[in-house]
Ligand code: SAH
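The chain below stands alone and is given in structure tokens; this is the form predicted alone.
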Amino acid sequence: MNLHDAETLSAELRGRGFSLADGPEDADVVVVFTCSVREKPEEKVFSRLGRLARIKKKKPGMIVAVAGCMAERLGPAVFDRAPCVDAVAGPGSLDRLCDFIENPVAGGRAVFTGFVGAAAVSPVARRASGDGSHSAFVSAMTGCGKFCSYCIVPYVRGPERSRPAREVAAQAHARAGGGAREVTLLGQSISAYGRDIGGNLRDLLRAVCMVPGLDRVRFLTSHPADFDPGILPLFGEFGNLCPHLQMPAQSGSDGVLRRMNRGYTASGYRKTVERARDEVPGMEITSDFIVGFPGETDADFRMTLDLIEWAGFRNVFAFKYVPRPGTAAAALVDDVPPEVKQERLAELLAVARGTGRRRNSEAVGKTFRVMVEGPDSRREASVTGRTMGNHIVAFGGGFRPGETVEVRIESASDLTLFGEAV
């Protein structure tokens, strides 16, 4: 979502006569987009701002802005830790940030935050038509209404607000007209799409899959409590709907899930996984997990490992719990020692690498349609791309981003498939 916001702002500024600089040293304007889900990304932002402050000393006229979730959470407090910053803008205020960049207040600072009366997507995002890239993000909805006890997102991105399906499809059409062959629909909990406007995800997916020129349609992120099995027949109906669900489980323990306010049980999650795989051949499911949540026992953690082993996830994202100020879980006693969190994270990732290797090894000898993303940074004269199921594939050849290539898989690691074009 932050990448989408950054691309949106860039497109708008280019439309106003700006051009991309080669790097911060050459720039008149630098905008840092931020995440506030965990503490570590915020610390990285201030480290980056420290480096920008040194550059700005040599270029006093340079504008430095902070945008995104951290900007919404901290507001003017950003100035206290980073005096080099000229403007702070939350996710719903990109239009006002663009206006400031175009006409900065001499010697002044600006704060653009808040959601009162905000549209589902800022005006600059609705106008963005892309930059010719083969892959594009399109926001289907913003905000979140789940209020998971550990999560800051509802407070920094506001309530769930869906865009009309016709508007989303029209923007997808514009991105396809600009060269995109793949579109990813974004929503913090896209399974809840349309409930605030009398729509649903099924109709949205159908509308976007019918856009001419789109070879692939993806969507993120599916919340297990909202998952609609009615979307599963669409994967058979539309050949461009990618059979991949990013569906965070967070824990395999019902007690932990209750304290997280996730709204489902571990057995309910398993049933959703089973149904998706039964009804959609080749369905790939990836997941997120948090270790060391308040009250998590060794038994709770073992239940999480059991879920990962049972599901055989090809890929998971996992993090140690860190309290976020302003969330409900911040009031709970953070009673899992840091060293235990680290041990559990290492063990979970080791188990996940094992399931990833097993899942990927099943692909050896098979042939997949791979959309090229770009050069392989680790292997000379190779490129990387993704299958419809979101496997990462590395293979040789001078192919261009956006090309679709048939690739036979010859070997696999826990994260990557390796093959040759056929």
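One rule holds for the numbers: they count along the sequence shown, beginning at 1. The structure presented is a predicted model; accordingly, all values stated were derived computationally and were not measured.
Below: the form predicted together with the ligand, not depicted.
The closest non-hydrogen atom of Tyr321 lies within 4.5 Å of the ligand in the model of the complex. Although the partner is absent from this view, Thr184 stays clear of the ligand in the model of the complex, with no non-hydrogen atom inside 4.5 angstroms. Contact annotation: Ile290 falls within 4.5 Å of the ligand in the model of the complex, judged by heavy atom distances.
Residue contact check for Ile63: none of its heavy atoms lie within 4.5 Å of the ligand in the model of the complex.
Proximity to the ligand in the model of the complex, defined as a heavy atom within 4.5 Å, singles out one entry of Arg262, Arg73, Arg314, Arg216, which is Arg262. Residue-level contacts in the model of the complex: of Cys242, Cys151, Leu257, Ala176, one residue has a heavy atom within 4.5 Å of the ligand, and it is Cys151. Note on the interface: of 383-391, 30-38, 352-360, 53-61, the segment with non-hydrogen atoms within 4.5 angstroms of the ligand in the model of the complex is 30-38. Residues of 164-190 placing a heavy atom within 4.5 Å of the ligand in the model of the complex: Gln188 alone.
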